[in-house]
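Next up: a single chain in structure tokens, the form predicted alone.
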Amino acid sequence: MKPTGVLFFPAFDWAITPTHPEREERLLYTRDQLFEEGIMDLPQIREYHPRLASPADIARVHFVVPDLDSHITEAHLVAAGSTLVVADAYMNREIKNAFAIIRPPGHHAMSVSHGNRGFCNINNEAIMIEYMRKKYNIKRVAIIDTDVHHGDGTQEIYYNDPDVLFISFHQDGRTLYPGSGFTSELGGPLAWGTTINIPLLPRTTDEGIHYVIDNLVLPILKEFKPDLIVNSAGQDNHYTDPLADMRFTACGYAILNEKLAPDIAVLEGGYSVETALPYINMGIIMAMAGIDYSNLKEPDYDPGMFIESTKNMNAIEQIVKQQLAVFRHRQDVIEENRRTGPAWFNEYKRIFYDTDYIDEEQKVRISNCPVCSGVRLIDSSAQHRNGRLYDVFCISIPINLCPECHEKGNTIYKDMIKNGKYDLVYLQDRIDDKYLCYDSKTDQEQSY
């Protein structure tokens, strides 16, 4: 039996502020617990060490404005690079699965990154997935986001990609940041039904979340047949987390992980530093490695605290039924959108960076192609904290585009440079693994 890979990068030299929930001490107690229990010395565990992600690894996913050095630190590059280490180990069959216990987190970071939002600058899972799709020719990927906050960044990155299934269960966005993740958010016109959100009422317990796993997530995974399952492993559904109001337990997380059986899990949120994170991380590792976790209990665990309400279960059962039907009818809707939709699908959105107080305006266009998911164009404008306004234009060529759309995207890049309207024009060509940024003020083009 192959071991489970574990990579631990606590980033003890990085924090948003000394008193911020996402600060150096966040994984301190987890480190102590792992070493005190001796779990890293077991034959079922193989420890890995991080490396830096390259600029191309970042540019494969993000348009960082104005450049990588402006708000991407070494800690961000190490956290993202850590996911690539475990990805290589998994694909080279050194391990049966892997858990990257890393920070800073990333699932709120979107395609365009003007700064930090939701404690995230770059999206670790997306960087890993695009690395694996390019290097190992992975086709279909399922991302299961178990963070209490909706994974809006990961959702946005893959909203128009029919080959990436994104499922997020989280505390209802009407009651918690980022205020999104509703059942109506189902994917773009040519990827409809491959985004599945399950907003849960506050105080949902293990019972409710496991019902979602058993009756929605696992049936969808069986039908989707992904080449890779990734758990965006947020831990702030725990009953002691200070930023949310859910009732999940450490043992509940372990059971979830055993049922889900992800190939790779990547740590996201979770801010109960002493009373949750050490136990949850232990539970996930034990479940992935096949180690008995039945005695895993928090010191204050009381079964009477975790009785699911009838109101919550009724709401969960309705959502599960609704979203399963959506997934099973997705191809009909996609084909109808192809037949009757316009040449370009248009969307307007406003994005707020709560950490850096940046307000971004976006105009997004997706080409309607009869055979692929289309070229994605993002017209983005935001004023940074230094007072400078950036108008940027981004062309994204996904890895699954047809030759005609591939050529169209490269032509648009050249045309937008001649246009002269934008401060920066980006080309993200995942097919040729080519990433360019043209700066109109210097008339220079940078290649990543």
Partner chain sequence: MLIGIDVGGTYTDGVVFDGDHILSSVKVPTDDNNLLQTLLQVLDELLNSLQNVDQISRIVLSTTLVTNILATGRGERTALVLIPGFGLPHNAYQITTDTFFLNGAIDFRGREIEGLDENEIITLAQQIKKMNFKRVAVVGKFSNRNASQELEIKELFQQIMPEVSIFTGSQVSNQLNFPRRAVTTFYTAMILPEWINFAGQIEAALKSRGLQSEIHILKADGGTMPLHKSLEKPCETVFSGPAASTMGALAITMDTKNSVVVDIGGSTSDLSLMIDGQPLYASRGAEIEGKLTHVESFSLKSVALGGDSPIIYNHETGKVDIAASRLGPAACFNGNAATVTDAFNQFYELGLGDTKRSNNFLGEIAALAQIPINELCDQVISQVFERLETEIKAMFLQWENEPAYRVWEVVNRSPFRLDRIIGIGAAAGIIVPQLARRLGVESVIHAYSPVANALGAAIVRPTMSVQLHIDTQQGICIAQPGGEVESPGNLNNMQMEDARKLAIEILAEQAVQAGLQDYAQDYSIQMEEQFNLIRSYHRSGKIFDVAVQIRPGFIHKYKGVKI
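Quick caveat, the model's predicted, so the values are computed rather than measured. Positions refer to the first chain, counted from 1.
Form predicted in complex with the partner chain: not shown, discussed below.
Proximity of Q33 to the partner chain in the predicted complex falls within the 4.5 Å heavy atom cutoff. Among heavy atoms of A11, some come within 4.5 Å of the partner chain in the predicted complex. Although the partner is absent from this view, E37 contacts the partner chain in the predicted complex, with a non-hydrogen atom inside 4.5 angstroms. In the predicted complex, the partner chain lies within 4.5 Å of some heavy atom of P278. With the partner left out here, the partner chain still marks one of 289-297, 181-189, 261-269, 168-176 in the predicted complex; by a 4.5 Å heavy atom cut-off that stretch is 289-297. Only one of E361, D214, E336, E74 comes within 4.5 Å of the partner chain in the predicted complex through a heavy atom, and that residue is E74. The contact residue chosen from M246, I378, V78, L221 relative to the partner chain in the predicted complex is V78, the criterion being a non-hydrogen atom within 4.5 angstroms. Annotation for 259-277: interface residues with the partner chain in the predicted complex are V273, E274 [heavy atom within 4.5 Å].
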